[in-house]
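Heads up, the chain below is alone and in the form predicted on its own; it's given as structure tokens.
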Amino acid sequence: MRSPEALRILLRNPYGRLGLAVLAALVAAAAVGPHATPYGVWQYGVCRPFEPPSLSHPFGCDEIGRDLLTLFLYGARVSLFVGFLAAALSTLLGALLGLLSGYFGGPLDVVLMRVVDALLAIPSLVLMIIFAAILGPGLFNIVLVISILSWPPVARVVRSQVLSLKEYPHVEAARACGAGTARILAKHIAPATLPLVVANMVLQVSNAIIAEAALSFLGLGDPRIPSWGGILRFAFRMGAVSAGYWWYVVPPGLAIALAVLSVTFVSYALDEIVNPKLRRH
């Protein structure tokens, strides 16, 4: 399917329009927001500790008088950056391994699928906590941990697709004409899996955002850079929930929920592109 037609189907779907609108708003806030706030991300004493929302501080303030709107906008950058980058890397790795496993089969397929089964059998968050603790705090360490532990579902889906695609007549014809393995994979099989890979990458974004928030909440994120999960961590450490400081908890928690929900809506719309039977004429 051509890109203009896919975009038309995506925008025609109400879930797709809503998801793209919310996601675009969050990305715009992450890109432009930090330049619009008059405060620095680590500038404290700009207001009273735990000051409630007001016109000058719409999201209120934290325990040391930092503007929570500023922390929220900077945190959006980290959470969305980790979500998109980790999703892209894990999808690329999973698609590549699934492509090789499905096409070549044999011992390579057996080994890769047993690794996939093992990783899927263990809760991914447990492994992420272990690996993040070993690698230490750091933004790119978080991206690496999420990427290397999130590829198995993509690999399994792509493998099942390749097992079917490699038996198609045009692939058999290309093989009979002497086309090499690299050319068959690049020209005939990989492009056919692209819609499925894109749809899975969108789902990976939401998983990565949740994973980053969970790791940061547990104190395994980069303490030098605020994120939505990191804000929630400090809020709970300061007893914001029990003290009734809802403005410390609601904005980052709601932003994580909206980001995941918007990505999920986009994935619903992408189902129409991947599966022609779902398209409405």
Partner chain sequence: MGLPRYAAARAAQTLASFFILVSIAFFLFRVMPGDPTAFLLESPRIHPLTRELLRRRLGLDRPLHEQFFVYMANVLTGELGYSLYYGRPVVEIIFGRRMLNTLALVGSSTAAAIAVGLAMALLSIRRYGSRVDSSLTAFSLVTYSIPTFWLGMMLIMLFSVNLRLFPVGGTITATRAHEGFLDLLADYLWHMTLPFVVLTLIQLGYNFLIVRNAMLSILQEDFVYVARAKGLSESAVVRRHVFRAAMPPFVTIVGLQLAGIFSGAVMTETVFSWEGLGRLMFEAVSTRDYPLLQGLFILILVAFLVANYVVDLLYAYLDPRVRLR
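Residue numbers count along the first chain shown, from 1. Small disclaimer: the values here were computed from a predicted structure and weren't measured.
Below, we turn to the form predicted together with the partner chain, even though it does not appear here.
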property	result
Candidate from A29, V41, V46, A214 lying within 4.5 Å of the partner chain in the predicted complex - any heavy atom	A214
Heavy atom of I210 within 4.5 Å of the partner chain in the predicted complex	yes
4.5 angstroms heavy atom contact with the partner chain in the predicted complex for G244	yes
4.5 Å heavy atom contact, Q161 to the partner chain in the predicted complex	no
is_contact(A257, the partner chain) in the predicted complex, heavy atom dist at most 4.5 Å	yes
Whether V78, F81 and L92 all lie within 4.5 angstroms of the partner chain in the predicted complex by heavy atom	no
Contact stretch among 127 to 135, 67 to 75, 94 to 102, 172 to 180 - heavy atom within 4.5 Å of the partner chain in the predicted complex	127 to 135
Residues of 247 to 265 having any heavy atom within 4.5 Å of the partner chain in the predicted complex, listed in sequence order	V249, V250, G253, L254, I256, A257, V260, L261, T264, F265
